[in-house]
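Below you'll find only one chain, the form predicted alone, shown as structure tokens.
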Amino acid sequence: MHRPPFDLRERDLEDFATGAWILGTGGGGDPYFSMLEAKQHLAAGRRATVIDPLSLPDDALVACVGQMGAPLAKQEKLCDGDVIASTIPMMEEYLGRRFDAVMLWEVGGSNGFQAILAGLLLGLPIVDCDAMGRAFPQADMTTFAICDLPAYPWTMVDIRRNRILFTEAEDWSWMERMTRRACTVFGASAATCKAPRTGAEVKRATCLHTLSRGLSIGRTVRAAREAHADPIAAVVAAEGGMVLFRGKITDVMRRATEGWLRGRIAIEGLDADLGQTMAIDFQNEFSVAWRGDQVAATVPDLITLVDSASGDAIGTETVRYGQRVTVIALPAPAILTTPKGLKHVGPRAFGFDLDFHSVFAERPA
């Protein structure tokens, strides 16, 4: 049975911002400004209607939109909904056909809001799914790539309205290389409409109901705060996650390069982890966590850094010395942990000579 459609309200946008930021695993961009813009559109009378992907006709045409670039650059080059929405009619003009709906490229961070903004501005329903179930830094790290769907065509627009249409690419790796190079020329920030998907492709090759998952996580955090309970413990319990480490940020090495934000953070343990250390590498998103010199967690498990008091997620572009943080892990969507999925999103895809061992594999039954 299909889930009934529903409209996002102002409170939903706040909850989704909280949940999407946690699912962003440090990347996807801070959702705060996109959330504010979405509120403005709702106040102006526009609607954000979310539909079940399983309700789509097989021949429906779905736009997939998202921002790409380095999160640090996006703090300086704010991109509003008009820019992301402009990528869709550009694609429609090329295809000679109108879209029936719009979906999320990645649910994490501000990127979780890009389809919502486009839907609000263009009057398109928003499909409750995405192509990652979290956030990842590259186009070849998606369920579409894992399922070997075509990577083209692809439209790209920057805040100056410079526009590029990529009509064909050998594969997702080539599309990533070409678009990343263009994004770097744009200043490490661009809005994109990815290869269009049919309703049948959306149903078999996406992470389903991830917008709802983001909403649910945000509501869990809100409920815990209102009850004066621990929001981190509430999220971990609700999502089947686990706490990996608690401590204080003691060092941040961060550089914007080649259209990404790369680096490593160091954490000194507190409470039960006093005397221990943790380091986490990142490429836009957190990829590998190390307890001392031992691997503690790797992609595609979700490694998320949250404020130890508020439970709010912390991005790789905003983490700073002295913050009291908790590192949590959440389970990855099943498609990401298949042998084919790990070729695209496992630790080796990020350049680490490591095999993936889920932190949840050894959990007691």
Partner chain sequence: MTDILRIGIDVGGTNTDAVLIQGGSVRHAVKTATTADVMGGILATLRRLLDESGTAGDAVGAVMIGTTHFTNAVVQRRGLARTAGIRISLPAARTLPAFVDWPADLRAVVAAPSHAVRGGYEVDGQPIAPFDADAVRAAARAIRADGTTAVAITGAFSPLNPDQEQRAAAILAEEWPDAQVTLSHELGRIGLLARENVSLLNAALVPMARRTVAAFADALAAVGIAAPLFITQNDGTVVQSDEAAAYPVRSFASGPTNSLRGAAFLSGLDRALVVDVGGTTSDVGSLVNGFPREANNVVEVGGVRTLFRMPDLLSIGLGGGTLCNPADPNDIGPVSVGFRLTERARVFGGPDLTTSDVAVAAGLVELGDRSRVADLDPAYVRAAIARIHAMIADAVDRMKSDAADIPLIAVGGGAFLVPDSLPGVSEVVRVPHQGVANALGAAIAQVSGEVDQIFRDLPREAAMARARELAEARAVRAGADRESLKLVEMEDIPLAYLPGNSLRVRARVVGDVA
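Positions refer to the first chain, counted from 1. What you see is a predicted model, and the numbers here were worked out from it, not measured in a lab.
Keep in mind that the form predicted in complex with the partner chain is missing from the display, and what follows is about it.
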Let me know the one among Pro150, Gly269, Gly187, Pro89 whose heavy atoms come within 4.5 Å of the partner chain in the predicted bound form, would you?
-> Gly187
Which residue, Cys207, Ile164, Ala73, Ile126, has a heavy atom that falls within 4.5 Å of the partner chain in the predicted bound form?
-> Ala73
Going by a heavy atom distance of 4.5 Å, is Arg160 a contact of the partner chain in the predicted bound form?
-> yes
Distance check, Gln40 to the partner chain in the predicted bound form, heavy atom within 4.5 Å = yes
Quick one: is Thr337 in contact with the partner chain in the predicted bound form, heavy atoms, 4.5 Å cut-off?
-> no
Any chance Gln323 has a heavy atom within 4.5 Å of the partner chain in the predicted bound form?
-> yes
Choose from 48 to 56, 327 to 335, 29 to 37, 296 to 304 the stretch whose residues reach within 4.5 Å of the partner chain in the predicted bound form, heavy atoms counted.
-> 29 to 37
Which residues from 292 to 316 come close to the partner chain in the predicted bound form, meaning a heavy atom within 4.5 Å?
-> Asp307, Ser308, Asp312, Ala313, Ile314
